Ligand code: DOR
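Shown below, as structure tokens, is a lone chain in the form predicted on its own; questions about how it binds or moves come after it.
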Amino acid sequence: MPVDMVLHNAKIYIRGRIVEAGLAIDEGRIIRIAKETNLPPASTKLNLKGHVTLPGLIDSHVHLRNQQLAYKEDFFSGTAAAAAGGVTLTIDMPNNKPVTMDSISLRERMRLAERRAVVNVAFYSAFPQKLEEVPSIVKEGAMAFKLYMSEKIGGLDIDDDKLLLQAFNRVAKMGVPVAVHAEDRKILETKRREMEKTGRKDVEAYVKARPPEAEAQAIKRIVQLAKKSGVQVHFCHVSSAVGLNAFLTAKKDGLPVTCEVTPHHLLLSLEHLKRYRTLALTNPPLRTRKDVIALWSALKQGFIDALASDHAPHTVEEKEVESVWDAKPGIPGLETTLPLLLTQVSEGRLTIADLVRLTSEKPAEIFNLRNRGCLEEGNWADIVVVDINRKYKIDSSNFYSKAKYSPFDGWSVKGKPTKTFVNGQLVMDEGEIVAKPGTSQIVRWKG
């Protein structure tokens, strides 16, 4: 019997090196990696033209919106953007309308995504009003809990350390991670009041209202709770040198902590924010060049665990406003992450091994995504094929995302995803989405 598909004439990234080989796929999984003569017959055979073949990206920080925010993004447009960017699994954040914070709201999001998504989708939940609901949320399939230290999203009083510790203890028993947006609410509110009193409404005032100290303070606070509870903590979008140092202290102490950085915090700085204004506004905000250098240094030393887009789509009208306090913070990133990173590979700042570790292998490990994150026999066939030599300019008007803007607009990049396979099915081919909505999987936590 022939297998479903054979991909041949490929340069496949396997366990730290690139080998010339082919892949046999059957029932969504990789069943053989071998030279073409040793591959089984197949119903479909695709020539990958010698292009580099990598594990599909796992983007652990994505806002797919939908429901009452569907005008910004929906499960089809967001996952189509993911497929176009070589992302085969997204983990959806809970700050939606309604907030994902119990088994009922989680089940509803899963139901909607199941019908519309073209890449695999997993889900975060915010903490519920009643902590005894934590097990039912995990049983429903939540991949992790998300805690926002900058504002109350979900059922927890973020100013109550005793309550946070109770929550962490419960989650630790379930074995799932807690992802944290680390910016201290009290510092943010105090600084913003100071800026507003002076009548300032420019982007530099926004940066002063969200200082690096707020990030460091929140990280230190969470680390103390992690010490007491033993819960696995994943710090989202670390952006500053002082925040990074607070995290690294915890890591060196052997605590179960990981962190991610975003392409925009690695490649943009305060100078870009002044130039692009509110289009480049995000939380945490873009930092100084010194902070960018610190992030790159930590990345090269292997201290950063993952790269994630923090894809946060809004309408252009919500971004281009007169007062920075009225602007919606967030940058769409699903379609730019891989080309930007491949460009860094081309320029020698990253290796292919770094890229795969940060965007596929380590996210799969952090979130216990079994049989994903690397190209191995028996794993799901989540694959991105890239033309590492193709040069082009980023053009947000062509995004599949509803957010048709980007601070990377017009940037020259080298390296383009040309094909994306999700569970063995070709979903994106040369920029075109070729799969029907609802062809992917909802990926649930498996403890």
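Residue indices: 1-based, along the sequence shown. What you see is a predicted model; the values in this text were computed from it and never measured.
The next section is about a form of this same protein that is not shown, the form predicted in complex with the ligand.
S.K.: Would Gln232 count as a contact of the ligand in the predicted bound form, using a 4.5 angstroms cut-off between non-hydrogen atoms?
M.R.: Gln232: no contact with the ligand in the predicted bound form.
S.K.: I'd like to know if Gly141 sits close to the ligand in the predicted bound form, meaning any non-hydrogen atom pair within 4.5 angstroms.
M.R.: Residue-level check for Gly141: no, no contact with the ligand.
S.K.: Should Ala312 be classed as touching the ligand in the predicted bound form when contacts are defined as heavy atoms within 4.5 Å?
M.R.: Within the cut-off, so yes.
S.K.: Within 4.5 Å, heavy atoms only: does Gln217 come near the ligand in the predicted bound form?
M.R.: No, Gln217 sits far enough from the ligand in the predicted bound form that none of its heavy atoms falls within 4.5 Å.
S.K.: Looking at 392-400, 22-30, 59-67, 418-426, which one sits within 4.5 Å of the ligand in the predicted bound form if you count heavy atoms only?
M.R.: Of the options given, it is 59-67.
S.K.: Which residue among Arg109, Arg287, His181, Arg357 has a heavy atom within 4.5 angstroms of the ligand in the predicted bound form?
M.R.: The residue from Arg109, Arg287, His181, Arg357 that makes the contact is His181.
S.K.: May I ask you to choose, among Asn283, Ser103, Thr343, Ser269, the residue with a heavy atom within 4.5 Å of the ligand in the predicted bound form?
M.R.: By the 4.5 Å heavy-atom cutoff, the listed residue in contact is Asn283.
S.K.: So in the predicted bound form, are Tyr124, Gly175 and Asn368 all sitting within 4.5 Å of the ligand, heavy atoms only?
M.R.: No, none of the three is in contact.
S.K.: Can you name the residues of 79-101 that have a non-hydrogen atom within 4.5 angstroms of the ligand in the predicted bound form?
M.R.: Result: Asn95 alone.
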